[in-house]
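Presented as structure tokens, the chain that follows is alone, the form predicted on its own.
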């Protein structure tokens, strides 16, 4: 029998206990804020019908879907001619009917369309589960990662956008992250821009291209646009808007005047004005977190209204979350007039920032608090009873599972960062020796006094 080398597919990871505890801490902080605003949890299957997933994320998104081959002999329903056909899109439905979810928004739309008769609208839910994308693995980009989403479905009220912004602000502040900006734009502003410069047929390409400005820079984006028949005049118009500076009011007024001059609908700009006015009414300091950014596109094609993304000020490393308004997502499932808005927190990147800044509490790393030394079979009645007694009083305790040398058991406690070790007293089974691992101090206690000390310290 050949030995299989242990290895993982590219783009996925194992998570140790510390990583899981850190993630659990972050999720708890997020869900505490979500629930204060009336959001409740939802979970959906990892596997969705491939037909549901395709053509919803744009051509680039379709290429990143993980497809699952049909069970059994998936070739039985195909012919040799099918395989010789170079158009793989025609063959795919015959061999793969399922796929791993790409995000949590489309499964939400499917869920709402399926259960809308039982739901109370506006429907608020948060969802924290892994998603999969067949992307090229690189630093900070994985094929399997967690998303932490919150969505409001069933209303077009701009108060939804305001509430989402409040939740973003309160969540990051609760995590100790203060130096962030929420970039804000409106997808219909971008739609109008390409219409004015007579490239309406290239809107998807345009949005996908300017979405890369943070990665490749304005100059390289302009080169891409130029190579795709955007004139020098077109590009200059865009740069004038994208690089215009000033207050929120200045930026919105500048764009509004340009739209008026070109006889275009200014309602998208008015939407952003109202959102900022409402936010200002709640607390003037919140507006300092907002940055109007007309280059923000959010690559996914289903966005139709205000869009937002969170970045750290003065730091590279991508966004810490993003989202926006989608008006037509449930129409794919036959449910019309059901607008929604959502935001997704980047769990992995937020954890990276918090770990680098030492914002994660040390308590999240702590598992076992007390180790009971194993003195052998004869001592089992005492040490097992002690372990049961402590665990029933909310002390995280374990017994070393083998009666080996004391040095080895203490080394185990040291490696696991267990702060206290309990040993049997040499003279009496009614007393125990407590060793504090940080300083080596040893104290003799009765069982009840031992519990009292541990409950005061832990």
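Residue numbers count along the first chain shown, from 1. Nothing here was measured: the structure is a model prediction, and the numbers come from that model.
The same protein also has a form predicted in complex with another copy of the chain, omitted here; what follows describes it.
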item	value
Exercise: residue 387 in contact with another copy of the chain in the predicted complex, heavy atom 4.5 Å	yes
4.5 Å heavy atom contact, residue 218 to another copy of the chain in the predicted complex	no
In the predicted complex, residue 430 touching another copy of the chain (heavy atom, 4.5 Å)	no
Touches another copy of the chain in the predicted complex: residue 71 (any heavy atom, 4.5 Å)	yes
Site check 138, 290 and 293: each within 4.5 Å of another copy of the chain in the predicted complex by heavy atom	no
In the predicted complex, the residue from 266, 159, 312, 196 that sits within 4.5 Å of another copy of the chain by heavy atoms	159
Residue stretch of 182 to 190, 230 to 238, 112 to 120, 344 to 352 approaching another copy of the chain in the predicted complex, non-hydrogen atom distance within 4.5 Å	112 to 120
Within 398 to 414, the residues that have a heavy atom no more than 4.5 Å from another copy of the chain in the predicted complex	398, 399, 400, 401, 402, 412
